[in-house]
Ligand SMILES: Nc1ncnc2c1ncn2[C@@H]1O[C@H](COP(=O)(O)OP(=O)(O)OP(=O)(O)O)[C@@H](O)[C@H]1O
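The data below hold one chain only, encoded as structure tokens and taken in the form predicted alone.
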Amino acid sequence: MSIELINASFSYPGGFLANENLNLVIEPGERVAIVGQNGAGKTTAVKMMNGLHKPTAGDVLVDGKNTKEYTTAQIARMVGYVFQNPDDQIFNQSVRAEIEYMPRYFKLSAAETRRRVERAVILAGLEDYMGKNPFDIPYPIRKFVTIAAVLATEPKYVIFDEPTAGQDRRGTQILETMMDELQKEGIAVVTITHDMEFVARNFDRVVAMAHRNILADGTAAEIFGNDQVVNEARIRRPQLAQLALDLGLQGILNGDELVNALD
């Protein structure tokens, strides 16, 4: 069971090649950050994972199912995708209706719908917003509405696109706690982000992309410690990692590691 990209390429109408020969496996329960400059092909790659894009060459398998043979709706039940901009996703007039929409669409029982919604609301910290119109609440909280709506479908794999953008420290902490809980449940989290501090704190595996392809796939320490990857992917090292390198120390990503290395 996994998401598997096998020599997967995608060209947009008109011939623009966004991804070329991607080979990648995402296992259940993994936390994988995908990093790289704008235009590297990150968003196109994850949209192939959940069926929004079907590869124009190669294959994408989700738990053995070739996405070319299934509708986007069928794949989306297994691979949930949270857009970067919540306004591209929200269409209901209350937070509750937005989160309940897909369980109701699936014709789940009232008890099962209630269970899924309650779980998603707790994970996203939305208990105080259920009766509000999503467009009347602050943008950072609105992002959690879309996250909760996806979690209520209970996918095996979840994709977040720039989840920390616009978030304060409290929002980021909710995200981090949520990812811990999802991982305990065996749910994989794939995250596109430019927030390298968030990556260093939360992801053991990092995929760096450049030039429409995968440049490197390794631990956060390996990726941030590689000058060629950092420069070619045009990513910024976390502050502590850069400080450690300036001191001649490799593989340091947090304060405890730095203190221990300096002792």
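Quick caveat: nothing in here was measured; it's all calculated off a predicted structure. In this text, residue numbers run from 1 along the sequence as written.
Another form, the form predicted together with the named molecule, is not on view; read the next lines as being about it.
- Taking the partner from the other structure, the named molecule in the predicted bound form has a heavy atom within 4.5 Å of a heavy atom of residue 41.
- Residue contact check for residue 24: none of its heavy atoms lie within 4.5 Å of the named molecule in the predicted bound form.
- By the criterion of a heavy atom within 4.5 Å, residue 37 is counted among the residues contacting the named molecule in the predicted bound form.
- Contact check for residue 194: a non-hydrogen atom falls within 4.5 Å of the named molecule in the predicted bound form.
- Between the options 172, 153, 84, 89, the residue in contact with the named molecule in the predicted bound form by a heavy atom within 4.5 angstroms is 84.
- Remark: of stretches 231-239, 42-50, 55-63, 216-224, the one touching the named molecule in the predicted bound form is 42-50 (heavy atom within 4.5 Å).
- Along 4-35, these residues reach a heavy atom to within 4.5 Å of the named molecule in the predicted bound form: 12, 16, 18.
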